[in-house]
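Presented below, as structure tokens, is a lone chain in the form predicted on its own.
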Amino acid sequence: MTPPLYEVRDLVCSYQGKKVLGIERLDIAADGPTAFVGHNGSGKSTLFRALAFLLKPESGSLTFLGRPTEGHEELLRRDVTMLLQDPYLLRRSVFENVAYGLRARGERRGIEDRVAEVLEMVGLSADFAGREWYQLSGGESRRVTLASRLVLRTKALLLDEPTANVDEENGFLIAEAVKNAWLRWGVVPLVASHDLPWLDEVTDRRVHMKRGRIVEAEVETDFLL
């Protein structure tokens, strides 16, 4: 039996002495996408940073695919990637932006093919590889940053408001890419978003958050894939 992607127990995170996240128990399945919903300030982004091993919790425990994570965060970051709410592009070509993570990990083989594949997944033609960062629209920039995460083929992909400030067409292409990452490679997407109709295109599994806590988790539903 496959263990949960994450098991969260008594997790507490604080900023400047103020408790912003307090989760007693949460299991996140590894068998498909999960959406996290809640108002601004509900704790979604903080939880995602903890799950991406970018924020060290004040207390509590976190396991990843059945393995304790404390003391192994740096190594586990190779298995998890996160697309922030305000994605950032390097001042270089689309190809170099997408290939950057692979090269940082010391991978050299097949980079051109892998970059072309993920650009196709996000609805961008091969010609886009040669474009510079300043030649892209907002929606194209968002898809390029998503491609730079997809190319890593991590075990978990955390997306914080992936469709913020993009139009319907770009939102559709992002949804298709997220679903295909799961279907092709088994990359498990975790998505935080206010865009409920868009979330319906990705998954009907919901975790509801309020004031840093889990208030409801719908974990037994079927996926819309």
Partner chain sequence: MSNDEQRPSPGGNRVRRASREVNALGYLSEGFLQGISLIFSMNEEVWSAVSATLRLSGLSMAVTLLIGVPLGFLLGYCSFPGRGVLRVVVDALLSIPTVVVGLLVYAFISNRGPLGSWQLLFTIPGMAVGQTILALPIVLSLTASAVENTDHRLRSTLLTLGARRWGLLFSTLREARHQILLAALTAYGRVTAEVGVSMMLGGNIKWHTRTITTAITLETGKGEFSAGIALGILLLAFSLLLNGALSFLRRRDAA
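Worth saying up front: this structure is predicted, and the values here are computed from it rather than measured. Positions refer to the first chain, counted from 1.
There is another form of the same protein, the form predicted in complex with its partner chain; it is not shown, and what comes next is about it.
Participant: Closest heavy atom of residue 113 to its partner chain in the model of the complex, within 4.5 Å or not?
Facilitator: Result no; residue 113 lies far from its partner chain in the model of the complex.
Participant: Is residue 164 close enough to its partner chain in the model of the complex to count, meaning some heavy atom within 4.5 Å?
Facilitator: Residue 164: no, not in contact with its partner chain in the model of the complex.
Participant: Is there a heavy atom of residue 131 lying 4.5 Å or less from a heavy atom of its partner chain in the model of the complex?
Facilitator: Outside the cut-off, so no.
Participant: So in the model of the complex, does any heavy atom of residue 78 sit within 4.5 Å of its partner chain?
Facilitator: Yes.
Participant: Between its partner chain and 155, 199 and 207, in the model of the complex, does every residue show a non-hydrogen atom at 4.5 Å or closer?
Facilitator: Not one of the three qualifies.
Participant: Since the chain is shown here on its own, which stretch among 48-56, 28-36, 182-190, 168-176 would lie within 4.5 Å of its partner chain in the model of the complex, judged by heavy atoms?
Facilitator: In short, 48-56.
Participant: For the heavy atom contacts within 4.5 Å of its partner chain in the model of the complex, list the residues of 154-193 involved, in sequence order.
Facilitator: Heavy-atom contacts within 4.5 Å come from no residue here.
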